[in-house]
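In structure tokens, the next block holds one chain alone, the form predicted alone.
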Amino acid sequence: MRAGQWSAVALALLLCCGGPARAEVQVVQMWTLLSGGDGARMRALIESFNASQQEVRVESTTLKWGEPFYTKVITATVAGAGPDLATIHLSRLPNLAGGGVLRPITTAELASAGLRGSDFLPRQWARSHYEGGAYAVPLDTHPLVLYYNKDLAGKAGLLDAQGRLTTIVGMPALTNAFRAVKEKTGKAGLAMEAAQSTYAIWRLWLSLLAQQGLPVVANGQFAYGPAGERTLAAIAHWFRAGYATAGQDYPASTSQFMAGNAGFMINGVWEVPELVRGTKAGTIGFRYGIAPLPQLYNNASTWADSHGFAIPANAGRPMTPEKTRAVLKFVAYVSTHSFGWAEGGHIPVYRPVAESAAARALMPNAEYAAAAANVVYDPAGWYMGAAGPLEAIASKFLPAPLAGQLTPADALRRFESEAQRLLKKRPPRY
């Protein structure tokens, strides 16, 4: 055989044996809004997944949280230039799935990755659906919870013999707890974000309406009735009475609690890592506990959102079966390894992890894990969800009564007046 013939054979062997193996590696481009501690944990999961096998490589791009992220995902997907995978809030699913931004994920596709609907907590699995189809795989739920300073609560007579917060039921009981801390210790009863543009008051107000069996919106109309004003007035009373500081932004409110200057803090579970870190480092100078948001009315509903994985539709560029399998292989890996994700404070929703002995023993998460059974999301609607247009309007008006800038009735009248156009507008199809 001549030299030229040997070269041809060698090239054929290379293409046959060496080349295709590299070509078969599926590269999955993922866009995420996870930053800070969440971003670090997701990067660790990606790195461990990439190191665990040779067939799929995930490359992640982090975009700015909130509306900038969703605007980018929508515009890129419409142009067929979106990623293969995106992390989203399930509260945005009606907007994204209804607008044609996401593609459904079939039962057979999930099964090929070893995933079943029954593997996930039911409320979060239901929320990952739109008009009967699955459009996301849920990762977690992150509800509002009640943080408490055990040292201050103890001085106010609010702990039981085991050093845990005594059961609080009813709005008067929680208000009295805030008052007791203020009177017995001189510290604030409550630390809570309350500045204009905060979403925190919306989340608490929605929670307490749900505890009364009342949605914010139903059948295209505001449905909370007179209870909306009464509930907002009850929240405002904590601030008007001096138990909490009106106008505080997020950093100021969390710093107030972390410095030991407030008995309670109502916030999401995402502050758990900082408390754990501060305790280990010795920068948190008090004992703390965490409880689910108390039942102040008829049930224990509490606002929450969930992160999930979704596949953009990418107009004119349908995903190949090979890429779909690669995407779901990564999603299944994260689901089965979501215990590490729980260390960020989130409650995992993949049941083999969420119901494992290790997760049940993980502290302080175990103190509030029961909240997962009572979470409520923003009502379904294209204008709802994390950083969506209705939340933006609510954030303009709902904090105003806390500082006495508007009465609760005026705040809700202005909220409804501005938000009404959203309820009447036809859902966009992107």
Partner chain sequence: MRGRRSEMLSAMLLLLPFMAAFVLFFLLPALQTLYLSLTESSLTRTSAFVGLANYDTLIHDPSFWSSLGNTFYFSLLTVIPLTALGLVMALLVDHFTKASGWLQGAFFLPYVLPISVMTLIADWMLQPSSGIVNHLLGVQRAWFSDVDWAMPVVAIATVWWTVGFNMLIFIAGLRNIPREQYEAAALDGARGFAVFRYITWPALMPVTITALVLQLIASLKVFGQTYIMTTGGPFNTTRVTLHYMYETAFTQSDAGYAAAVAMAFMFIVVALGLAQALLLRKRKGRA
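Bear in mind that the values here come from a model prediction, so they are computed numbers and not experimental data. Numbering follows the first chain given and starts at 1.
From this point on, the text means the form predicted in complex with the partner chain, which you will not see here.
In summary, among the residues 371, 400, 28, 42, the only one with a non-hydrogen atom within 4.5 Å of the partner chain in the model of the complex is 400. The contact with the partner chain in the model of the complex, taken as any heavy atom within 4.5 Å, belongs to 196 out of 314, 256, 196, 324. Heavy atoms of residue 389 reach within 4.5 Å of the partner chain in the model of the complex, making it an interface residue. Remark: residue 35 does not count among the residues lining the partner chain in the model of the complex, judged by a heavy atom distance of 4.5 Å or less. In the model of the complex, the partner chain sits within 4.5 Å of a heavy atom belonging to residue 78. By the criterion of a heavy atom within 4.5 Å, residue 298 is excluded from the residues contacting the partner chain in the model of the complex. Segments offered: 401-409, 46-54, 373-381, 360-368. Contacting the partner chain in the model of the complex at heavy atom distances within 4.5 Å is 401-409.
Scanning 406-430 for heavy atoms within 4.5 Å of the partner chain in the model of the complex gives 406, 414, 417, 418, 421, 422, 425, 426, 428, 429, 430 in sequence order.
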